[in-house]
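Only one chain comes next, encoded as structure tokens, the form predicted alone.
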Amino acid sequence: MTRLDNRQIDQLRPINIKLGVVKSADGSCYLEWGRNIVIATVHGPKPMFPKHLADSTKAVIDYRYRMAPFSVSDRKNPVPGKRDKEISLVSGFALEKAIDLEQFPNTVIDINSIILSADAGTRAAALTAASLACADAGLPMKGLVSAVASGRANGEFVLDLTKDEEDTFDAVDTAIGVLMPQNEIVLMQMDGFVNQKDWKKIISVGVKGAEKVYELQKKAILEKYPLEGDLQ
């Protein structure tokens, strides 16, 4: 089956990645994913303020996902909504799995992903970019979070859904974040309803897609840091 944008069912949209684009940040990533455009930045670790929010055993991740008001055709309210806060929370939990936080007790790591242009799959694009920004910041990483959307549209199980596919009558959209190379699922959010058999198929498609994203992440890191050693 060929989709409306001429991709195969297991094919990602074009992805372009560049690290170190924001000089005032400790680490940053610019990512184009289809028509999605994301800039992710990292500041820290730095002392937590107010101090009573600090954790004496590890750093605290403060991850914020935001969509710029101009990122969609209908101007978006700049005040973070319930969806933004939910995505920020679960994506922050995913990033906690990727960073060795125990090395930085009583500190906070501020991670921001700003969506400049949105066209389906923004939470996956933002999380993928944020993981790369953390690596660019030199944080001790246990792995990279490679995120992607998979689901069902027009009776087919597809990878990296477009907005049109998200709006089909039978649409199921699942955001999956996988810690690589451990191949551990650290984020999963589903919109829609499926039976157990279809759910397993959607997850399989998503995990295989995350592996493709991981290869692009490694390539981006090695392009900027060619002497930093080989990545698995």
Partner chain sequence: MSSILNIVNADNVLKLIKEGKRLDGRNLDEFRNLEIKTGVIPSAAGSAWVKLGNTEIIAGIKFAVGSPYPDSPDEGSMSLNLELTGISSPDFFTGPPQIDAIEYGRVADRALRSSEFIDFKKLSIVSGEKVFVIFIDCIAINADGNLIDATEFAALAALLNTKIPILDENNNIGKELSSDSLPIDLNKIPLSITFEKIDNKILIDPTEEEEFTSNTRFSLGLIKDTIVSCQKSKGGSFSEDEINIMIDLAIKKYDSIIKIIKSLI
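Positions refer to the first chain, counted from 1. The shown structure was predicted, so the numbers you read here are calculated from the model rather than taken from an experiment.
Absent from the display: the form predicted together with the partner chain. The rest refers to it.
Q: Just to be sure I understand the contacts: of L159, A153, A118, I87, which is the one whose heavy atoms reach within 4.5 angstroms of the partner chain in the model of the complex?
A: The residue from L159, A153, A118, I87 that makes the contact is A118.
Q: Can any non-hydrogen atom of R75 be found within 4.5 angstroms of the partner chain in the model of the complex?
A: It does: once the partner chain is placed as it appears in the model of the complex, R75 has a heavy atom within 4.5 Å of it.
Q: Test of understanding: in the model of the complex, would S24 fall inside 4.5 Å of the partner chain by heavy atoms?
A: Because a heavy atom of S24 falls inside 4.5 Å of the partner chain in the model of the complex, the answer is yes.
Q: Mark R64 yes when one of its heavy atoms lies within 4.5 Å of a heavy atom of the partner chain in the model of the complex, and no otherwise.
A: Yes, contact at 4.5 Å.
Q: Is the gap between A68 and the partner chain in the model of the complex 4.5 Å or less for some heavy atom pair?
A: Flag for A68 set to yes.
Q: When you measure heavy atoms, are T174, W199 and V205 every one within 4.5 angstroms of the partner chain in the model of the complex?
A: The answer is no; none of T174, W199 and V205 reaches the partner chain.
Q: Suppose contact means any heavy atom within 4.5 Å; which members of 126 to 154 contact the partner chain in the model of the complex?
A: Not one residue comes within 4.5 Å of the partner.
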